[in-house]
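Single chain ahead, written as structure tokens, the form predicted on its own.
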């Protein structure tokens, strides 16, 4: 998929660009202060498209603590040793140099929705007319007894937020004794990136097959079955990783003994392994919970899907993995990119006195590497349903790969470079 095609798939973009051909009543828009909190797939895209959709007239500030963007999609390849972190890292400076976005390298410690202010960790307070909050997920280490300390000590690693732990986990796998065992645990859905843990198991198995052929991978899945691309993954495990990968569904991990590297399960016997990759339950990013935005079971943020405004607080728009998703809507980087475009279009429309697009459409594509070259994908299209006020998948849209292929590996890297350029370039 080339960049032009990729961008063209956003109905939000198409709808708004049509509006831009008319005279813009931009007084309110030009006066407004728009803060974007979080520079991931949702936040970076929202910041850029707020500028593009407003013909570079909106005042947009992006608040992000990290100096560079590191992509979670593709990071399993770093864990598997076939790629390095630099290959999935992009700078933020293009957003300021090319698009005029003010970037503040800091984190947000609190949001006051009544005063419409944001306080930074550095102590500075900023006013907003519109806030876009894209905080990703938080990991509930308390959901597994002993996990918080084990992870703090580096005995267990999550590596679910790409960065230093991604590299550290690969080093643990590479240093594992001959014939050792790697165990990955998966929490009950919803969690960030449904196929991600199964792809990770494939990457570790692929590494062991080449460097430690007597090594094993155990997948302890709290869910009833593989949550995404199930038939494809199971076929790969049988054909490429027989005797290496062992899959155990309905296996909910409730505790960790860091001294013996033992996982305690809710029902089954304990599992001991050499390398522990424990993924706990997930929720919206901490700032969303602290700010009272997580009004869906205290974990996720309910939004108006026409503009992604929080249903708890006016003029705060929440994107990406932090929201309570619509039916069959995955928590993925591609989907966060799409949320951002709908929200950016709606914000510009609201501040300009235009009608918000009443029928947005979202697309999703997710590639999974089953070894260092072969890939499978799933794709879907989601149309807003006005009667039910949610997104529903379009019948017959999207689909699954028939089988892994190296050609899809080329497509996967094309997708990655295109979405990085679309969000950050």
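Numbering follows the first chain given and starts at 1. This structure is a prediction, so every number in the text was calculated from the model and none was measured.
Only in words, not in the display: the form predicted in complex with a small molecule, which the text now covers.
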Mark residue 66 yes when one of its heavy atoms lies within 4.5 Å of a heavy atom of the small molecule in the predicted bound form, and no otherwise.
yes
How about residue 160 - does it come within 4.5 Å of the small molecule in the predicted bound form, if we only consider non-hydrogen atoms?
yes
I'd like to know whether residue 145 contacts the small molecule in the predicted bound form, with contact meaning heavy atoms within 4.5 angstroms.
no
Does residue 334 make contact with the small molecule in the predicted bound form, using a 4.5 Å heavy atom cut-off?
yes
Which of 38-46, 381-389, 52-60, 395-403 has heavy atoms within 4.5 Å of the small molecule in the predicted bound form?
38-46
Partner-contacting position among 217, 256, 108, 316 - heavy atom within 4.5 Å of the small molecule in the predicted bound form:
108
Proximity to the small molecule in the predicted bound form, single hit among 32, 375, 361, 366 (heavy atom within 4.5 Å)
366
